[in-house]
Ligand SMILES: NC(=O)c1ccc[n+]([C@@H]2O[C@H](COP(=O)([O-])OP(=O)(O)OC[C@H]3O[C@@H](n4cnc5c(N)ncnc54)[C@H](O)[C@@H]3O)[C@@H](O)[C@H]2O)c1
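Single chain ahead, by itself, as structure tokens, in the form predicted alone.
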Amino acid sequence: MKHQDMVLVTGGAGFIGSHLVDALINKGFRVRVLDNLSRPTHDGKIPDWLNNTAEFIRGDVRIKKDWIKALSGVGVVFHLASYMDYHPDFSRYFDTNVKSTALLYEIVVGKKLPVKKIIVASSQSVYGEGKYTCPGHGVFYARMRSETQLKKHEWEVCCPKDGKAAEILPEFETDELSPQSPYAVSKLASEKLCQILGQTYRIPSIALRYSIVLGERQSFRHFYSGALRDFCVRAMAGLEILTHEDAMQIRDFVNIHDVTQAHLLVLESKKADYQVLNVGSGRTSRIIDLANTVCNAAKIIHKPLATGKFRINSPRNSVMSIGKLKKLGYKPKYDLKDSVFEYLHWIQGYPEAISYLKKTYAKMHKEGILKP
């Protein structure tokens, strides 16, 4: 990719986007950011971490004229802007995550813009509860655990034939998809648009399915997801670190710098074109491992407490294979400790995060998202 190309990053003032903006500028690219600075991620102002070398356009990916303005002279698009987590305004997921992707291709195709590559952000959430194996009955795709099951504090995914606890398997990009939330369904729809329209109009397009990304700049204004910010803010406030379920959920936590590396890799790789790629660390941890790492880093004496509370439509485990991306040259370098120390150091500069933590939890209980 030629460095004189203008690169557009939607959602470029956010967590993943702002790190990508920094990396692109360091590589010599001209960068334009399109972001509406909306709540709850932002407070309506340009954050202090946004690289002032980038051109900034305040606009909304749901509005066609904003896209038209932002796409002028652009050669590459990283479409990262999205509406996340679990909220009851379900239609907003599709308005923001799906309509925006359709508008992007509609304008590029309709105006015959010379866009050379489009990279769209997706999520591991498209896999739903995931793929498991049972010693007696083999591989199966799990259904989302019922609220009845979770209220009994029966946390594990069990074989549908013998009822025994099953073992999680890594998800491959070609595996069955079973999104279980409006956010996940919208991300899958965005992916499909990226694939279909990219191939139809010969615009090299890539969808990246992130696992759980950790690092500084992850918004402290909402706690619907993101155990690291929750634990770190609690540590900063002198509060007990609380986990959901029994804290034994399995996750793949990937550092933001590794995720940024993945974006730069697919930007330059022709082999990545028209592909869907998992982006993770390739290592698994349990939630209790994350909680204990935060306690150690913050020098907290007391142990984390598993509350038995649970979030609806949240999978027990999430594990993805990153073999496909590694074949393109991806080499994750950072571990869980790196991510914890980085975020803990950063969040200490934002003491107002404590009040946001309390407000968000009160709202989740009121909306019935966090139970019991």
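A residue's number is simply how far along the shown sequence it sits, counting from 1. It should be emphasised that the depicted structure is a prediction, and the values quoted were computed from it without experimental measurement.
We do not show the form predicted in complex with this ligand, though everything after this point is about it.
Within 4.5 Å of this ligand in the model of the complex, a heavy atom is found for none of T284, L290 and K333. At least one heavy atom of H42 is located within 4.5 Å of this ligand in the model of the complex.
This ligand in the model of the complex comes within 4.5 Å of a heavy atom belonging to S38.
The shortest heavy atom separation between K309 and this ligand in the model of the complex exceeds 4.5 Å. Contact check for V61: a heavy atom falls within 4.5 Å of this ligand in the model of the complex. For the options Q249, T243, S122, N278, the one in contact with this ligand in the model of the complex, meaning a heavy atom within 4.5 Å, is S122. Note on the interface: of 24-32, 340-348, 53-61, 322-330, the segment with non-hydrogen atoms within 4.5 angstroms of this ligand in the model of the complex is 53-61.
In the model of the complex, this ligand lies within 4.5 angstroms of at least one heavy atom of each of the following residues of 184-216: K187, Y210, S211, I212, V213, in sequence order.
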